[in-house]
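In structure tokens, one chain follows: the form predicted alone.
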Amino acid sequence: MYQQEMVTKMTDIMASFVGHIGKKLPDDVIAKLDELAKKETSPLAKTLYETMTRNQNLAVALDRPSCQDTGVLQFWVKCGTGFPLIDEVEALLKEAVVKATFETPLRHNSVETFDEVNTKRNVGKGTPTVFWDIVPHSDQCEIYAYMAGGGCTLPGKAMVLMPGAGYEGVTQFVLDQMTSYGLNACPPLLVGVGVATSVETAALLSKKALMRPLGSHNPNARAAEMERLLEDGINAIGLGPQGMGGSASVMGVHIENTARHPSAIGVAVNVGCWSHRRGHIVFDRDLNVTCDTHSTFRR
């Protein structure tokens, strides 16, 4: 019975957390949007930033999602082998999404592929998506929640480059995607770049990059410099807020990488829109909660 009570408690907390991130942006995203708004000189761009701020304030005041597209829920779980609910985590996250769908409420976005049937519960085959990292000798569970909307998903792409393409090829790949599809993803964007060997490893890294705090940098000095150069290059495109022109196209560029095979460079891009709805929550073995992305989340 005690185990079931724990499952119910964690499910309720996650449902509340999912609903909260749908209505309130992370602290670092709010701060970055305020920073970009202050630097903007275009009258139209400044008006758009003011509208974004008003949108966020109304979402909280009216207790409703800040964007009508509440996305498909994705979770990145870093779970210790000693966490008492490790066997139940994936199932309870699915139940938490169903619960949040009706309580928040969230738009019904899970459509069964090929059958073209909307489940109307935001769950289906493989949704919500759960990525796992198992942490030995730990009894806590760390969860990144992300609402992957249709617009910000559109620029996503992964491919393998010939080794002769080098890091110039990586740069060209990223800029090609941003000039072709960045406009459709509700700028200013957070751009996640994965560099590895194969398409699946690069793609997972590029999504993981979107979970990092804004202003953080890859620990490798060369990768960090590439983040800076890509940010400057994409900003120079001048997408501005909502693609209507302005000085900033991105909130940041994050690169995640692994070692790679010498004969290939796998590269991928995933993008977060200005309404970057991701949250980070940590449970200890007694289900005490800490959250470092949303100072407004109380449980």
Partner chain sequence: MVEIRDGKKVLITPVSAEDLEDINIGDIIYLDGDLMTCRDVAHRRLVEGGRELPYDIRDKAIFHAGPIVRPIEGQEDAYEMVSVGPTTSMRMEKFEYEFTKLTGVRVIVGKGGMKENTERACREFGAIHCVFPAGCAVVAATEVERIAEHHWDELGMPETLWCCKVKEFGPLIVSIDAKGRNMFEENKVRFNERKDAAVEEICKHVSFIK
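This is a predicted model, so every value here is computed, not measured. Positions refer to the first chain, counted from 1.
In what follows, reference is made to the form predicted together with its partner chain, a form of this protein that is not presented.
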**4.5 Å heavy atom contact with its partner chain in the predicted complex for all of Gln172, Met226 and Arg260** = yes
**Request:** Find out whether any non-hydrogen atom of Leu33 is located within 4.5 angstroms of its partner chain in the predicted complex, and reply yes or no.
**Result:** no
**Non-hydrogen atom contact Ala145 with its partner chain in the predicted complex at 4.5 angstroms** = no
**Message:** My question is simply whether Thr179 lines the interface with its partner chain in the predicted complex - judged by any non-hydrogen atom within 4.5 Å.
**Reply:** yes
**Prompt:** Would Ser138 count as touching its partner chain in the predicted complex under a 4.5 Å heavy atom rule?
**Reply:** no
**Fill in**
Note: its partner chain not shown here; in the predicted complex, the stretch from 163-171, 200-208, 123-131, 77-85 having heavy atoms within 4.5 Å of it is 163-171
**Fill in**
Checking Pro65, Pro26, Gly252, Gly266 against its partner chain in the predicted complex, the residue with a non-hydrogen atom inside 4.5 angstroms turns out to be Pro65
**Selected contact from Ala196, Cys186, Val72, Leu93, since only one has a non-hydrogen atom within 4.5 angstroms of its partner chain in the predicted complex** = Cys186
**Prompt:** What residues in 51-86 sit within 4.5 Å of its partner chain in the predicted complex, counting heavy atoms only?
**Reply:** Thr51, Met52, Arg54, Asn55, Gln56, Leu58, Ala59, Leu62, Arg64, Pro65, Ser66, Cys67, Gln68
